[in-house]
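As a starting point, one isolated chain is supplied in structure tokens, in the form predicted alone.
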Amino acid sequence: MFKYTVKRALFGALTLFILATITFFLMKSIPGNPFNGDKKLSPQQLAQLNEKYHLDKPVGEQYVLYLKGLLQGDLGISIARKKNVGDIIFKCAPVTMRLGMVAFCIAIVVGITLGTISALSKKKWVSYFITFFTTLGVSVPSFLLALLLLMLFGVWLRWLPIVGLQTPKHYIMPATAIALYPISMIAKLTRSSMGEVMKQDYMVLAKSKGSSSISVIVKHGLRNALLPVVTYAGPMLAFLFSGSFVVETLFSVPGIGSEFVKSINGRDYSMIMGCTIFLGFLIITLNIITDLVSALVDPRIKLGK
């Protein structure tokens, strides 16, 4: 397992390097720079700013300078906010992670519950309703649900606050909007897996021993049926931690998602690169952890050597 982890870490580092390289050159391929649209700047001020941020140098040289700083742990200075990019990410990332963790818990609990009920219920209307709900959840974009929740519970009924994350109530609408898609996917995975597990011989044997249905489902059914959910949980958690950019912007959440949107709109090169590298690192790390956890949950899974 140690060799596998090291191998995946090295491969992840290479993937992160490629991601950073592609992002850098794609940004630079767009004509102009962050200061060209500011008419208040004199030609002398514009030249000084270009020199300060190395924008007056060839793209290849800018790339080399950025890599040198990156290897030293320096993500650069935000052009728009005049602050260290690492400090901004360090401040914003925990906000997005808290929101993502709330959404993750909602998705896991509701998704597994719905999937289990759908697989075990003998009432067809229950299964049809859950299927309809999960199909709707996969189809409806999170920002659209966020708008509906915001208008209904925030503006019309005024039951829930709509700005920031100051209290537990502030988490309800954005977390629900972000969690809808994962809920639907987890419910589908659980339903399909549970349906197969319940047909296995060991489940029939457990029932024949006189164990209660709930005990059989929890001890034997869910334990074996949740492997697909565990596999999906890593990428899902990375997706939730990275934040839904539009949802964070709609609810004025001071997280990394809204910061990413602002940096793209303002062509803040350093901030775009910093957010991309951070989110890429997060996704790669969580995928490695997911593989390791899957192997621990199911010994039949063999990790590559």
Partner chain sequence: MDEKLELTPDLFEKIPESEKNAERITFESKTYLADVWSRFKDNKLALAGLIFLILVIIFAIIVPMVSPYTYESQDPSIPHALPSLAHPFGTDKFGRDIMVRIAYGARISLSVGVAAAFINLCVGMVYGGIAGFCGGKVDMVMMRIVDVMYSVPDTLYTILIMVKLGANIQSILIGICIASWMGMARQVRAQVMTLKEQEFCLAATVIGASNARILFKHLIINSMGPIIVSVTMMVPSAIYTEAFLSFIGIGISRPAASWGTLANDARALIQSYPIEVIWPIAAICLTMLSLNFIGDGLGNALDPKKK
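Numbering follows the first chain given and starts at 1. Please read all numbers here as calculations on a predicted model, not as lab measurements.
The same protein also exists as the form predicted in complex with its partner chain; that form is not shown, yet it is the one meant from here on.
- This chain lacks the partner; the member of Leu144, Met101, Ala80, Ile172 within 4.5 angstroms of its partner chain in the predicted complex by a non-hydrogen atom is Leu144.
- For the chain shown alone, Gln62 is not a contact residue for its partner chain in the predicted complex, no non-hydrogen atom being within 4.5 angstroms.
- Using a 4.5 angstroms threshold between heavy atoms, Thr135 counts as touching its partner chain in the predicted complex.
- Its partner chain is not drawn, but in the predicted complex it has a heavy atom within 4.5 Å of Leu150.
- Not displayed here, its partner chain is approached by Ile283 to within 4.5 Å at the level of heavy atoms in the predicted complex.
- Heavy atoms within 4.5 Å of its partner chain in the predicted complex are found in one stretch of 91 to 99, 229 to 237, 104 to 112, 154 to 162, which is 154 to 162.
- Counting a residue when any of its non-hydrogen atoms is within 4.5 Å of its partner chain in the predicted complex, the hits in 257 to 282 run Phe260, Val261, Ile264, Asn265, Arg267, Tyr269, Ile272, Thr276, Leu279, Gly280.
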